[in-house]
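Take a look at this one chain, the form predicted alone, written out in structure tokens.
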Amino acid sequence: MSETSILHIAGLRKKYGDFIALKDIDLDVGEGEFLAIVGPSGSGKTTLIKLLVGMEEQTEGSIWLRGHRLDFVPANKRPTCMVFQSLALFPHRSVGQNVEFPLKIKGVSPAARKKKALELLEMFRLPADYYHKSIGQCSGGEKQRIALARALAFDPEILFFDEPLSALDYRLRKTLEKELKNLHLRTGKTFIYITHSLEEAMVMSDRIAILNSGKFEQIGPAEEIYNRPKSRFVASFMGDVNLFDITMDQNSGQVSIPNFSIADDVAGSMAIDPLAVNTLMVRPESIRLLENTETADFVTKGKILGKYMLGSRIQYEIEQDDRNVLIVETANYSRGGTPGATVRLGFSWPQSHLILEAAS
């Protein structure tokens, strides 16, 4: 356990009959960290959060908070709080009554409760007269802020979030992503955020943990996971990507990628492991369309199948001779091509990433 960790998870497993939902989960979360846990449906995200907040018991392993076993503590006595997707606000109570509810449970006096509730409403940019407003009169964004205010009224050691923004429209979600990030900076609280949205995770979190089939594939800052994934799964899960199989002639030691020419100095410097599965990854924004005389470390050609406007970017789908389709993105003011045109394209070695995985 790290000296700076607030939460330590060791060997956590959860079984439902013969099905293993979580497999030997190990994790340290730092004091004041914003950690996002991301994964596809069925990866184990919901199971993990239920164990952390005490809604279910693990099959094996332990959960520690500040050096003390948290999994021995009943859910209602844990110094943590959960913000659900459904928000779980009380419709028959006013905004103020919702926010002060945790303080009422603790036996705080009415005057002190109201003072704290008004402070929290101000923190979330809700006018003081909202204190008496009915929950039913509030918009979706306002309800989200009220739920967060109520969570902070608990003064928890850790705030857990279970996809709280997934039901909101795009513009409101973008606004609340920034507000949550700013709230985290202002409060210094530890946030653990479950989401299926990579964009949310990258915008808000200090680190991202990628969960797949009940185990962590990779944990690290967004920049590291996006640019230097440890597996094909992580590379593909973190957005559009181009993955190329690398082969090496055992007699000559020559490295090759189907339908690509590779600069000699680059081919000689690629640290290929003959006992592993070798994959070269390059993101769409790192591939460029080449002029006739231009060259690159890796060069290929193909026919443009599609051209799509993505706001500030243009995305191309380009088919190579072997029917493999590349995804290429350029700025929307860049020189481009039209569907049906044959183009040359390439990328440089420093803008790619070599993934080595054990052969099955």
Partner chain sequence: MKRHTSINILFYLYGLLTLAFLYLPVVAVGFASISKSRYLRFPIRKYATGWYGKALTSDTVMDLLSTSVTIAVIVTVVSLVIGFFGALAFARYQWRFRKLYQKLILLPIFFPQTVLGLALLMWFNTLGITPTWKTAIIAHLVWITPIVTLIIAIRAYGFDPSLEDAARDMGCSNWQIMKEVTIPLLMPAVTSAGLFAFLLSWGNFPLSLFTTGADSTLPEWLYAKMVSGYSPLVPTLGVLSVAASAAVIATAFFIRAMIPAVKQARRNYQQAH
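Positions refer to the first chain, counted from 1. Quick caveat, the model's predicted, so the values are computed rather than measured.
Note that the form predicted in complex with its partner chain isn't included here; everything after this is about it.
In the predicted complex, its partner chain sits within 4.5 Å of a heavy atom belonging to Ile105. Although the partner is absent here, Met82 lies within 4.5 Å of its partner chain in the predicted complex, judged by heavy atoms. Though the partner is left out of this view, Tyr130 does not reach within 4.5 Å of its partner chain in the predicted complex, counting heavy atoms only.
Not displayed here, its partner chain is kept clear of Val234 by more than 4.5 Å at the level of heavy atoms in the predicted complex. Among the residues Phe124, Phe216, Phe101, Phe244, the one placing a heavy atom within 4.5 Å of its partner chain in the predicted complex is Phe101.
Contact with its partner chain in the predicted complex, defined as a heavy atom within 4.5 Å, holds for exactly one of Leu185, Leu172, Ala112, Ala75, namely Ala75.
Residues within 4.5 angstroms of its partner chain in the predicted complex, judged by any non-hydrogen atom, belong to 92-100 and to none of the other stretches in 199-207, 92-100, 172-180, 185-193.
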